[in-house]
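Just the one chain here, the form predicted on its own, laid out as structure tokens.
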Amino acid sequence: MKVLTIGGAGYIGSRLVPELMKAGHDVVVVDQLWFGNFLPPSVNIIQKDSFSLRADFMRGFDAVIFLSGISNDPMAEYAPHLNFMANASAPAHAAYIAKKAGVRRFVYADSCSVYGFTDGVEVDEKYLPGSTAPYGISKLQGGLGVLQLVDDNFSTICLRQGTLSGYSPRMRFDLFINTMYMKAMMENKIVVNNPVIWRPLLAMTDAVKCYIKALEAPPEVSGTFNVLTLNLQVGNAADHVKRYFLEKHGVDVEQSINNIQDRRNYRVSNRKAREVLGIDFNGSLTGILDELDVNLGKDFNFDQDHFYNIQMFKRIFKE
């Protein structure tokens, strides 16, 4: 299968693209390379904005995976206008051009942030999204835009992702467990803003599997799918990381609890993804920490701007 991966040099793409190539797919990456390039030298990378793509360029591809966009709340709130362009307009534009070019499948990196606040109740894809934040609203708009194009010849699958964590050659330390791991390593401390709120966690190993399954799904499959490894409360996650460091490293990590209110508090069901896409979610919190340990460890230099999206975004924005 010939696959165009837009935003394929990012956190997910740097793990996904090599796996797609191992599976025998012909992969082309389009990325602006804001955060650098950590893909193997053999990958065909075109450095450009997705808005510049035209149907002639996309003709001949079997599928498009859209991973690009503003990736978290701090970035979205720093530059709301760019957020809505990148997360709402860009995926809809790319899907429109892909369909016009004869591409058969479009896979969109959606987010469970669209749910906003469910007060800890587990919800499925039929639940009405309630986010009032720029990031959550824009991701919902992007999904609605690409789904509007579905017909008998064009399938769109929106993978509504839980909060990602795990190792990637293009690392991020502004993500849930990754942040806790970094803080424990650098400062021997974990800060928890609100221990009782719920988050759906998606291990990177499961995320890669989700995209491959989405590509392989029967042509008639379209729709939105919650994808997550497990739901857990932030305080329980911090306790787990603390135990891990004590058992694996002999370090008693300090915990700091702030009890700050959070407008995001949601649990989601992955039943539809398991039943329709056949995804076996077998990642775990311990597995994520083991992966980070093996690939990073105590001698890793965590203090680099490109590991923190908002820092790089502010620099790019000013330039």
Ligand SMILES: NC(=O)c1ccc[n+]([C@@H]2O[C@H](COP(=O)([O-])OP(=O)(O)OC[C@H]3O[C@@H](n4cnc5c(N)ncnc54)[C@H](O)[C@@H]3O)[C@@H](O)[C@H]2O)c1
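Start at 1 and count along the sequence shown; that's the residue number. The shown structure was predicted, so the numbers you read here are calculated from the model rather than taken from an experiment.
Same protein, other form: the form predicted in complex with the named molecule, not shown, and the subject of what follows.
- Though the named molecule is absent from this view, in the predicted bound form it lies within 4.5 Å of a heavy atom of just one residue from A94, I190, L164, L140, which is L164.
- Comment: 47 to 55 is the region of 47 to 55, 271 to 279, 253 to 261, 284 to 292 lying near the named molecule in the predicted bound form, near meaning a non-hydrogen atom within 4.5 Å.
- Although the partner is absent here, Y115 is not a contact residue: none of its heavy atoms lies within 4.5 angstroms of the named molecule in the predicted bound form.
- In the predicted bound form, the named molecule lies farther than 4.5 Å from every heavy atom of S131.
- The named molecule in the predicted bound form comes within 4.5 Å of no heavy atom belonging to L20.
- In the predicted bound form, the named molecule lies within 4.5 Å of some heavy atom of L175.
- Although the named molecule is not shown here, in the predicted bound form the stretch 16 to 41 places heavy atoms of V30, D31, Q32, L33, W34, F35 within 4.5 Å of it, in sequence order.
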